[in-house]
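Shown here is one chain on its own, the form predicted on its own, set out as structure tokens.
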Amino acid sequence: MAQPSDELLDPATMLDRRFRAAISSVLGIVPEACDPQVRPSGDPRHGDFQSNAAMSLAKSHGMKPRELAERIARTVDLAGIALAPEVAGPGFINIRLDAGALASMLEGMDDARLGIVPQRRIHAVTIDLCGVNVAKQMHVGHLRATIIGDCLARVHERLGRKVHRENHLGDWGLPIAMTLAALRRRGADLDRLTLPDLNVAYRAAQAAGADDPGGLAAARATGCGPHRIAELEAQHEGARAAVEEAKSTLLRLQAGDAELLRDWRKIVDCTMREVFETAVILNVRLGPEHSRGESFYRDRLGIVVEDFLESGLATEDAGAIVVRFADRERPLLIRKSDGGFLYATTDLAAVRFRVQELDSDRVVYVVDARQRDHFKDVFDACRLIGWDRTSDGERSELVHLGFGAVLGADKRPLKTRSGENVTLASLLAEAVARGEEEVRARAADPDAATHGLSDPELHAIGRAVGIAAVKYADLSLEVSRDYVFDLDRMVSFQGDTGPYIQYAHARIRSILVKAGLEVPVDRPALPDAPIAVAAPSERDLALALLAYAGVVEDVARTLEPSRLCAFLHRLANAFNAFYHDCPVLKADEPTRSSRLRLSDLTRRVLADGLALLGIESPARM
């Protein structure tokens, strides 16, 4: 078995480096200023890759594109990677990889790392994900914040980074105090409280605090009937009393009232039970150790305001404290005129904590795109005061990864028939049911790999398929895009879907089992034979496999899980073409052993890539 290498076993990356050096030598410019424009070839007859750099560089250097391309082709050192490059047309450079080099690269990635080179960074990465509000059920919007964040955390961890998952709970403030006060007022048994009950109580408390002072003033001014005025006056008095009671409750909470804190903790625990149960269903790594709420920062908010005032970056405006920016009219309000703090104050404290105390040189907030302006203001304020630097002075990258909406068939945000937000629990229950329905229908075929499995086994596979369908459909699109939730398309075993990738993995495992090989979770006892790349489909599969490490690094850089999904779909297609064109079990030795190794390497890359998406790889489907 080949020894692990610290060089990325990605032909595109290797060619980029070689061509960058050649262009630098020919034009006398620094390598960083040279974009080799190495891309996969659009026509395999012309090669595996193509460099188009000469087309864009020639004019600015007083040369003809073909002349420059020929000089680059003569200069570039492709020893151990490719055959001599060929110049075509007005200045395209075609590159065909050496078959022996391809085989050697595959041997190099055929270990536990699968070609992925760990990043040696001393700082951590923080991913803000999920972001639930206490006393409210998770809705479909939390799906995106949770699974996108979990995927990006997994990718950074796979690259060797220390990752802090941070579930920023809305667990403090007036709305929670209002709910708590209402529950205590009516003598609710908080030990038996369910989240649906709590959700109803939250809405009722909000309604009780709703006031319409404008309506009351208008009714009095226009001489509305006494009944209407009396009704509005009662609403006004009731709302005022509810708000005052909530404020009193919040003050006691802030002062550390033991009895109130105990009841508040029960509300938080009631909410988080469903969150953690949902995380298990979604195969998301999220537990109590990752959940840090607004309450965690409550003693830091005054310090935030004081530091901004002392630094001269905040000013008083009609009793409120604001931070102003030179390039926009809107200020950032960090303390209200009544002394109350805001979400922005908490977020400023959180950024400071995550950068300086969690020592993160990258902080990614996976939050609804509609919060763009809020995070721009918060991040810019942190940069002004210097809270975007780690303890050793390194600047931290602060990123708001804004995601689009999940839509219904009417192309509007997904709602129930009554107009309510769809709860995440109901959506996932439907997905699991549909996945199980598909699996059981296939298991009815006597020739199916799942035929004869027990009900619990079929249920487990169906659950994996249903969750894969939902997660892949979401993650396979650009994060910022809206998408239509369509289970019929999502659970299909054909096309660009999660179940299609899972099925490709299960199919390869079946091939290995038929070859008489035991297939544990990690590695089967494969024959000790070299990998050969001869047939065109073998070559295509090799090229697809070798792109894996580069894709994982690309996902970490761009924060776009869709690139990993596209890779997995491309790899599954490449394997299916290989299996169709290149007999595996019926091939003669040593070709049979080589193709078994190639098949298993594909299986492990598919499983590893699915795991980065938080998707299971069932052994049979």
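In this text, rigid core is short for the largest set of C-alphas that superpose within 1.5 Å between two forms. The first residue of the shown sequence is 1; numbering continues from there. All values derive from a computational prediction rather than experimental measurement.
Here the subject shifts to the form predicted together with the RNA, a form of this protein not shown in this document.
Participant: Non-hydrogen atoms within 4.5 angstroms of the RNA in the model of the complex: do L9, V134 and Y548 all have one?
Facilitator: The answer is no; none of L9, V134 and Y548 reaches the RNA.
Participant: Does the RNA get within 4.5 angstroms of any non-hydrogen atom of H123 in the model of the complex?
Facilitator: No, no contact at 4.5 Å.
Participant: Quick one: is Q119 in contact with the RNA in the model of the complex, heavy atoms, 4.5 Å cut-off?
Facilitator: Close contact is absent here: in the model of the complex, Q119 is far from the RNA, nothing within 4.5 Å, heavy atoms only.
Participant: How about A33: is it within 4.5 Å of the RNA in the model of the complex, going by heavy atoms?
Facilitator: Contact check for A33: no, nothing within 4.5 Å of the RNA in the model of the complex.
Participant: Check A258 for me: does it contact the RNA in the model of the complex (non-hydrogen atoms, 4.5 angstroms)?
Facilitator: No, A258 sits far enough from the RNA in the model of the complex that none of its heavy atoms falls within 4.5 Å.
Participant: Of V432, A506, A544, I81, which residue is found within 4.5 angstroms of the RNA in the model of the complex when only non-hydrogen atoms are counted?
Facilitator: That would be A506.
Participant: Among A241, A204, A88, L313, which has any heavy atom within 4.5 Å of the RNA in the model of the complex?
Facilitator: Flagged contact: A88.
Participant: Can you tell me which of 139 to 147, 70 to 78, 334 to 342, 259 to 267 lies within 4.5 Å of the RNA in the model of the complex, counting heavy atoms only?
Facilitator: Among the candidates, contact is made by 334 to 342.
Participant: Along 36 to 63, which positions have a non-hydrogen atom within 4.5 Å of the RNA in the model of the complex?
Facilitator: Read in sequence order, the residues that approach the RNA (within 4.5 Å, in the model of the complex) are Q37, R39, P40, R45, H46, Q50, N52, M55, S56, K59.
Participant: When you overlay the rigid core, is the Cα of A53 off by 2 Å or more between the shown form and the other one?
Facilitator: Shift of 2 Å or more: yes.
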